[in-house]
Each structure stands twice: as structure tokens, then as C-alpha cells.
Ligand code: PMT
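Below you will find one chain, with nothing else, as C-alpha cells; this is the form predicted on its own, and questions on how it binds or moves follow later.
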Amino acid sequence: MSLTGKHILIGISGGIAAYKIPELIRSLVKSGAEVRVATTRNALEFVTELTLQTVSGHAVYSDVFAAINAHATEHISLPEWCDAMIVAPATANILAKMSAGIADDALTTTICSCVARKPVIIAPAMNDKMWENPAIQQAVRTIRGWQNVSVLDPDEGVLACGTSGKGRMPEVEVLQEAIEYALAPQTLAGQRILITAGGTQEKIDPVRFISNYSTGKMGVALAHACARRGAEVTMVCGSMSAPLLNPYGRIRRIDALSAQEMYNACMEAWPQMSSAILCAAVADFRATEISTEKIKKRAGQESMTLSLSLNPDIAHSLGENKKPGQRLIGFALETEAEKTNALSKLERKNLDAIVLNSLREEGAGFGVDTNRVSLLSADGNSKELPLLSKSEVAESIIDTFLR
């Protein structure tokens, strides 16, 4: 999701995870956002004011009474300026103050004037023993009840004290995804969307399988985009290497390595769905017989014949069982007669639309972050997209077919 022109306010409190925030600022600025920072005085013990000012390009607000503040009431002007605020890390102290409405420094006064008017994301980070404190848990429950505020769950892992537990601040990629959730229009709120992604693996023997080059990047981009827009996503995943971010739990992941497993999962989920986007690269055939032992090469053997059987057709079966109001969107990757083959697939499988990929296009295909596609509708409309990031392609697919 592009953040071009967006104003993001970052609040930093005094936790060791503050050292990650310059990386978040760089990532947001790279995505087109303008970033400003408000901190507690303790936060500057973990990350320097000069570092934050350098990466954001703006002075840091850390002292209510500093003479260098751009406005006499910076804690009011910053919330008016921003489109969204994220507090990261949010320590136990900040959570307790927030829940009680205490505003006694630069950060807490800024939070206090922001939460009723703008989206605010809270990323707790502390020792697991502090996170489990009943007063902190009560504070989190209180804050989660506020209309404009979202509280992320801390991650589990190695903590600053050397022990392991729940209390780590989510990684930068998750924090940015949470910001993008907060800013995305909720055009798919209330919808349930089925998405398939990745490549299937068809076993030959215990150590070999038939597969393809799919990494799942396009499917993940679609899942992220739909979840940001407010949809509840059921994602049926084959083999894929693309990371799936899920800051608010709107994506339910089902792993299905083979075409048959993916077929079973899709057929079970489809009756409850509003729409489906079939992005996975599903094998058309599987081994007729799977050897229980590793197939060995025999002395003098020059060739091997492998018998294959047809896999179930997920798109065709969903199309046959499509109810009024459900929308079914397929993908087609073609190497010849691209549009003719894609339109034939759209008609044969009772699709509402199809996204046509071509391996002939530079920057498109497997394992890259960009794609160039054509969007074809059953009503005859079509749209040629230029080379875009897969995230931008996903947004275009939603805007064209799922409005």
C-alpha cells in the first residue's frame, strides 16, 4: 500500500525496543509518508534525538516546555497534523497512564489529544512478567475498548533480560502493516474472502514431488490488501516463501500442500464466502501411484516413465457451486494466445473475472515483487495495468472486481 502524502506520528516511550524505530521511520518515508516523532525523556536514553531527527527530517518533540517547539501547544498541533499515530514501544508505564487519562509529559499529552480523533496503534513491549501484571492487562482491556485505538499483541521470543516469553515488540514490517490497516478504506468490511496462494506439491515418493516456481507473493499481497480493507480472509496456502503479516488476526491460514488438499479446503470454505480469488499455481496432474520408498535408479537405466492422473479442478468446482451474490475471480498464466486462453478459462469455469499474467512481460512472473496483468471481466470489460508492485496490483484487483 502506498503511503504517499500520509502524515504519520510516531510516539516512543522508554523501552529497549526503541532502537528499532529509526528503521520503521526509514521504511515509512520510503513508502511516501511524512513522519514526525514525539517521545518521553526516557525514550531518548535508548535512541538519540539526533538519530530520530535525521531519519525523519523533523525536530523531535520530547519536552513540553522546550523553546524550540514549532508551536506553543505541540501536543495539540501534532495530532491535528497526523493521519494516524503509532506508539512503539508502548511500555507498561505508558499503557497504565493511557488507560487512566494521565497526561504529564510530551508523549502522554500528545496521545491524550489524539485518541479521540485519529487512528492510534499501540505496540506494547516489556518483560513478560510486566505484561502479565493484572493492572497492565486491565489497562490493555480498557484501551482496546476505545473506538479509534488498536492494540497489537506482543510477540513471544527472547527478551532483553535474556529469558523467553511474551513481550517483544512486533517487527518493523508488522508495525508498518498495522499503520496501513489503520489508513485503508474499509470497503470490504463484513465480507469473507477465500484466497489461494503458492504452488502445490504432488508427491512421487518420500523425497520427491512435482511442483512449480510459485512463491505466493501475489496471493500474500491480495490477502494483505483484503484484510486491510476490513475483510475476514481465509487463505489456503500451498508451498510459499512470501511472509504473511497478520497484525489483527483477520487472516486465517490453512496449509494445503497438494492439489487435493487445497481442493478439499476450498470446497469446505466456499459456502461461507462472499468471494474467492484463486491465485495459487495448482498442479493439473499428480502421480497415479506414490511410491512408499525412494525410487532408485537401476544399473543401466536410461529413462523413466511416470504415470500421471488428473487433479480435481478447484476453479471449475467452485464455479459449479457458486451461489447468487458470490464472486469468483481466477488467475491465468499463459505463454501463448494469452487473452484467448484466459477468456476461454473464464467461460468454462463460470468465473466472474480473471487476471491474466504473461511470462513474456519483463518484470512479471514468479518470484519478483512486480507484476503486469490484464483484468478481464465476464461482462466483456477489460483493463491493462502497467508494471506495478504486486501490492498495487492487488489494490487494483479489489477496486475493479470487489467494490
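Only a predicted model underlies this, so the values are computations on that prediction, with no experimental measurement involved. Residues carry their position along the shown sequence, with the first being 1.
Separately, the form predicted in complex with this ligand exists; it is not shown, and the next lines address it.
Student: Okay, which stretch from 175-183, 281-289, 227-235, 140-148 lines this ligand in the predicted bound form, with non-hydrogen atoms inside 4.5 Å?
Tutor: In the other structure, the partner sits against 281-289.
Student: Please identify the residue among 367, 32, 57, 363 with any heavy atom within 4.5 Å of this ligand in the predicted bound form.
Tutor: Comparing distances to this ligand in the predicted bound form, the residue within 4.5 Å is 367.
Student: Please tell me which of 334, 49, 63, 347 lies within 4.5 Å of this ligand in the predicted bound form, judged by heavy atoms.
Tutor: The residue from 334, 49, 63, 347 that makes the contact is 334.
Student: Answer for residue 214 alone: is it within 4.5 Å of this ligand in the predicted bound form, judged on heavy atom distances?
Tutor: Residue 214: yes, in contact with this ligand in the predicted bound form.
Student: Is there a heavy atom of residue 40 lying 4.5 Å or less from a heavy atom of this ligand in the predicted bound form?
Tutor: Close contact is absent here: in the predicted bound form, residue 40 is far from this ligand, nothing within 4.5 Å, heavy atoms only.
Student: Although the partner isn't part of this model, could you tell me whether residue 84 comes within 4.5 Å of this ligand in the predicted bound form, counting any heavy atom of the residue?
Tutor: Contact with this ligand, no.
Student: With a 4.5 Å heavy atom cut-off, would you call residue 330 a contact of this ligand in the predicted bound form?
Tutor: Answer yes; at least one heavy atom of residue 330 falls within 4.5 Å of this ligand in the predicted bound form.
Student: Taking this ligand in the predicted bound form, would 314, 357 and 371 all count as contacting it (heavy atom within 4.5 Å)?
Tutor: Yes, the whole trio is in contact, each within 4.5 Å by some heavy atom.
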